[in-house]
Structure formats: C-alpha cells, structure tokens
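Next comes just one chain, in structure tokens: the form predicted alone.
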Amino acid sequence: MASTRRMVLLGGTGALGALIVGYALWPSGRIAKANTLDAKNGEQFVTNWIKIATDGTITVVVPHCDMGTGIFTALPQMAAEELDADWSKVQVEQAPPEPLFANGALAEGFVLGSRNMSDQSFPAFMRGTVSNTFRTIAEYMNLQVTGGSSAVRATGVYAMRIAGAAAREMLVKAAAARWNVSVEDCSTANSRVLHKASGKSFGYGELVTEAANFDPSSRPKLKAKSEYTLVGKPIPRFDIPKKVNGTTTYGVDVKVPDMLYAAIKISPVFGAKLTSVDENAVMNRRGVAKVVKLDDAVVVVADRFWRARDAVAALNPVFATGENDKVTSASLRARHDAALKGPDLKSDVEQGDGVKALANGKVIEAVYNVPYLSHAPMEPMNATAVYKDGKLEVWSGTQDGLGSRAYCAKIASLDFGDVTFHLLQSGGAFGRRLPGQWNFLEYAVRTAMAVPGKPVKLIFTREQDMQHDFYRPNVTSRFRAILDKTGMPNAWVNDYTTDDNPSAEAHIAYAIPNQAISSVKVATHVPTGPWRSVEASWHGFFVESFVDELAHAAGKDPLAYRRALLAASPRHVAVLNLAAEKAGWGTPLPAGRARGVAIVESFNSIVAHVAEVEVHDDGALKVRRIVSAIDCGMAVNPDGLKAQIEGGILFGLSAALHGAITIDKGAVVQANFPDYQMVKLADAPEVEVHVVESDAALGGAGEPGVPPVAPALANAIFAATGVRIRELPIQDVSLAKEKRQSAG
C-alpha cells in the first residue's frame, strides 16, 4: 500500500558559540541555510534538535506543538538524559515551521515501530547520509505533526535520545583532543566532561566550538535504563508557570497593529453553497468594514469582534443545500443498520472457521452504536492573517506548523516561501487542529485576501465551532458469538460500519479460536476526523461491552473471564490485576453500588479501568471512582503520564455520559455547552492512576486513557442494575431501563 500523509499522522541562546545536533547529518549547504534561519549571536548549526551555548545553556528544539500534553518537558528529559546534562541549564523551544525542522522521527517511528528504552539495535541503514531518508520524506510531506500519541514513542526515541547521545560523544571527543587523551578515558556528568586520572574537567559550554567540528554519529551509544537520572523522574513541566499566570499566548490572544476582526456564518447544512446575501443590511453599522462572500459562508469584517459577530448574525444568507437538508440522525442510523445487512461488508480478519463456527452453538448477539462527537476544545477555532504585497502571514494554533504553512500557501496560491506561519499554543485540540480539519485556516486566509493590507483575526463563535467541526464518526457494530461447554467463546463475529478504512482497533487480544471481523463504509455529508483516541474510542466500548455480556451469559466473574481469555498476554493480565487490586475488586460495596472493568490496548499502551458507580432508585447515576492501570513500557515523566490518563478519563467520561451530536434537516442541532455538556467538577469521580513498568516498547499517553472509560462505566451500571448499555451517551440509567422493560 502506498504511504499517505494520513498514514504517517498516526508533532536560541544569547551566548556566543553553540553546538546544535541531531541524529541525522546536515550537509554543508543545509548548515549554511540553517544559520540564516535560526542561528543567533554566533550560534553554529551542526544539525537539529539540540543547542549548547558557550555559557552552558542547553536548548532542546521540539518539532511539535504545545497542547498542554507535557511533551515539552518529556522530550527534553529524553535528550538531556543521553546528554548527561545539568537539568537546571536545560530549556526548550518550539521548532520553527521550516522544512529543515521537518520531523523525520515520526516517519521512522511508524515505519520501524516503537522501541523500548534499552534497545540499542537501531538498523544499520540509519548511518551517514542515508539517515536523512526519513527527514526527506518528512520534508516532502511537510510533516511536523502532533497527534497519535506519537511524540515520546517516535520523536523521543528516534530523535531526542539519538541527538543527546551524539552531542555527548562530540563533546567528549573535543575534550579528549584538548587533553590529548583517549575518549575511553573520559566520562560525562552534570554537563561536564571529566578526566578521572588527572582530575580535570570542562563544562559543555567550554567545548562547543571544538565539538562542532566533529560529525555526529547516527548510532551513538545509548544509556542503559539502570543509568538514568532524569528519565523516569516526575520533573516539573516547563509550560505550567506561564499557563498559571496567564502569560501563555494562544491564537485567540494575537494582537497585531491595525488589526480587524472577523466573524463567520457557515452554511448550516454541510456542503451547501452560498447563492446570495444582502450585504447592504449591515454595511451601515458602526465599525463594519466589509462583507466577504465565500463558497459556503459569509464573513463580516469589523473593528471589534462583537460588532462583526452581531452583524453576521443579522445577515440572512441563502444556501443551496440539495438533498442533504433532508438528512436526520434517524435516517443516518437507518443507513448504518442497512449497511450491516447489505452485500458490501469486507473481511478484515478471518481466523479459524469464522462465521461458519456460529452454527455450532446458541448465538449470543448484540448491536452497539455511538453518535457523532464534537472536539469542543476550550479555545474555539481562530486564525489571524494579513495579505500584503504578494506575501501572506498567518498566526494560529494548529497541530502541524509546517503543514499549516504549506496549506495556507496552497489556499492563497502562493509559493511556500511567500508564506510566514507563526505556530502558537493551542487551548485544547483533541484532534480538531490536525491536517484535514483546517477549515478555519482556509476561511481566515480567504478573508484576509479579500481585505489586502489589513491583518484580520477570524474567530469562530462557540456555535460555529460546534456546528462546523469534523466529528468523531457515528458507528454501529454488531457482534455474534457462541460459547463452548466451559462458557468460553468459541466464535467471535463482528461487523461494523466506518467512514474510513477498516480499523486495526477492532482486532481483539482475546484468545478466541474462530474470528471473523468485517467492515462497511457508510458515506454521509457530515464531515468527520480524528478525535482523541480515534477508532479505539468506539471499538473499545463495543468490544469490552460485548466481552462483559459473554461473561454474564457464562455466569462468570468479568475480571476472571478476561484473565482467562488473556492468559497468553501477560502484559494485559498484569495491567488488569493492578487495576483490580487497587480498586478492591471483589470487596463488598454499599447497596446500589457496583464495579465494572474494561481493558483496551491502543497507541502501544495497555490501559485498564475499574469504574465504581452508584445508581439510585430513580435511575440517577453517580460515578464515584475510576481506578486505572497503564503499561506504556516506561513512564518518561510519571507525573505527566498520570496527568494525561486522568485527563483522558474525564474526557471519555463526558463523552460517555453526555456527548452526542445529532443531525436534523442536514445540520447539527447542538450549538453550545448547555446542550453539549461536559462533566462538571461536582460530578467528577475520584481518579487513581497506577503505572506498570515494563521493558515493552514505549507507548503513548495522551489518548489511551479514553477508550476503556465508556465500557467500564457501562459494565458497572449493568452490575448495579441489570440494565445493559448498548448506545451512548448514557445520560440517565432510568431511560435505558425503560427501554429494556418496554422491549419485554
């Protein structure tokens, strides 16, 4: 299969003299170009990712965006560990959206796979100039993405560790040359090169000029895990102080001299085209500068955002909707149900006798459904742009600075070099700011080009943001299974709908001899895109809920049932056991309370949740506690890891309890948080996260905490009430109970 950009998606100091190093060699022409881009006050590039100034300051350049996930601390930890750096002298900066800083490590991570922290066996072809291959691919694809929980397991492993180790070797060579001794007689510690025999030492800052004359190795010696002094420690994050004191600059904070503001009204029905609008209705309003007509939207530009917002709200644009204005959530569900019974199912997994095995016993069947979901980040979509003298300048928070720059150039029909893109921090994203979902950039660029010479900040209102998202898909999944004489599943058949290619997340870790998994695409006019944990978020709910149903049918404890099915998967069992132990599985609970368990592997991490719920007689639900265990190979920063899992739990809980985007007359019904609720502080459960350390390849942390939430919660509700939840959101257990009773 040919590689596509979507497949890969799955991110100076002031002193004179600096060493800047990364694992891939930069030819001399690149070094000269890099010096014009980023070198300051005598800094000298050798290659990317690490700078060491003559005053000893170490700057780690991170080719990702900052969305609050902690990677701007974890990645420097990985680099500084291999560098033997004094952490007090380490700082971090974001890589500029320049091709030289394309993130080839992402391509490597997905081609070569995740590796554990003790793996020294980097492939032989990653030597010399051949090591530039992946960076060349990344440059061609404008790859600087942050997503897919890939920063630590790809950039950290394939870029930061190699860069740190290579820089350390170069510094040692420089010191050995000064002393006229062998490099084997030298060691490093705390940002110094040491010569034990003589008692002499040099600080790294003293060696940068000579060190820059050595070529960095593409296969430097890496530390053993037992030697770590920084990795594995809960080091405080670099980004927190500015976020606490309010000095962090997000896209919505941008202020440019003579800036105008823009508000937009996009066609409520996706894909509809603007046919007419009476712009004269608002042109006499105070502060209104221009009405801009776009293909599917109308924009008002004014001197204040609230004036632009009120003016665009007063317009009554006419859109040509075609047949899409007849689409509803009910009609979409009917499409999914029909597709599962139709001829277009395509096999993804066929193991053993598959469907034929269903004839050998009583079939247990269940159908599950999840709705569309919005990303709903705290900071709504926005971008500021100015088009002047054939040049374009854009400010925005996205999940790919280099890709955003290329995208804006394409929209404006400009050369890449004629576009400047300022990548800012994002006030939440969850996938919304990934490539393919940049409608806000397109609208901002087209609006700026209609008002040449004036900077224009386009801000989506919350309503426009929620109703013109790229949603997590609406998916339906049907399961059929039979049990053997011992109550264990002998056949597992799963058919599901999708808006994309078949998903590996539908594959199961459970040892079931006969399996058949198939999918069918269902086309709709509703735009969809990656949402935190993507396919794992729905397949986790489907698979773990159905496994619980099988355990109940077999009359077995759900935890013991999973242990038996995962007997050949010791990592999974260890995670299950830790979560169950910490949650007190099997110990008595007060009346009305119960526990449910779920385990999902995603992004190379295994996560189990045990949810404890309380259901009152009237159906009111209280989620009291969620206990989690994760095996991600190794926790680079344990505090950061736990924070990500905690955030994923609350994110998944909001979706499980409340999240639903519904369609009526072709448009989204929900408009703001009153009708698209989040879990409030008063309703947040007690959350515990426990880490299973292992030698497995590094896994992600930003997304794997989400998938087990909904099934653990639904399974707990069943244990408490006997009501089986097969559709999300849950909202009110009494409603599900009424449906069950009415169905007899």
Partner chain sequence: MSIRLNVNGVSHDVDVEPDAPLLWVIRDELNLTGTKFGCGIAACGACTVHVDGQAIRSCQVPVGTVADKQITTIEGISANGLTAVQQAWIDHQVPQCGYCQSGMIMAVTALLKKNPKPSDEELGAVITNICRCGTYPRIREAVRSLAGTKL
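Quick caveat: nothing in here was measured; it's all calculated off a predicted structure. Positions refer to the first chain, counted from 1.
One more form of this protein exists, namely the form predicted together with the partner chain; it is left out here, but the text below deals with it.
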Exercise. Want to guess which of 54-62, 677-685, 690-698, 704-712 is within 4.5 Å of the partner chain in the predicted bound form, heavy atoms only?
Worked result: 677-685
Exercise. Gly428: heavy atom within 4.5 Å of the partner chain in the predicted bound form?
Worked result: yes
Exercise. Lys243 near the partner chain in the predicted bound form, any heavy atom under 4.5 Å?
Worked result: yes
Problem set entry | Partner proximity in the predicted bound form: Lys89 to the partner chain, non-hydrogen atom cutoff 4.5 Å | no
Problem set entry | Exercise: His616 in contact with the partner chain in the predicted bound form, heavy atom 4.5 Å | no
Exercise. In the predicted bound form, which of the listed residues (Arg480, Arg446, His572, Arg237) lies with a heavy atom within 4.5 Å of the partner chain?
Worked result: Arg237
Seminar exercise, completed: Contact with the partner chain in the predicted bound form, heavy atom within 4.5 Å, among Thr497, Gln94, Asn514, Thr461 goes to Thr461
Exercise. Looking at the partner chain in the predicted bound form, is some heavy atom of each of Pro380, Gly647 and Phe651 within 4.5 Å of it?
Worked result: yes
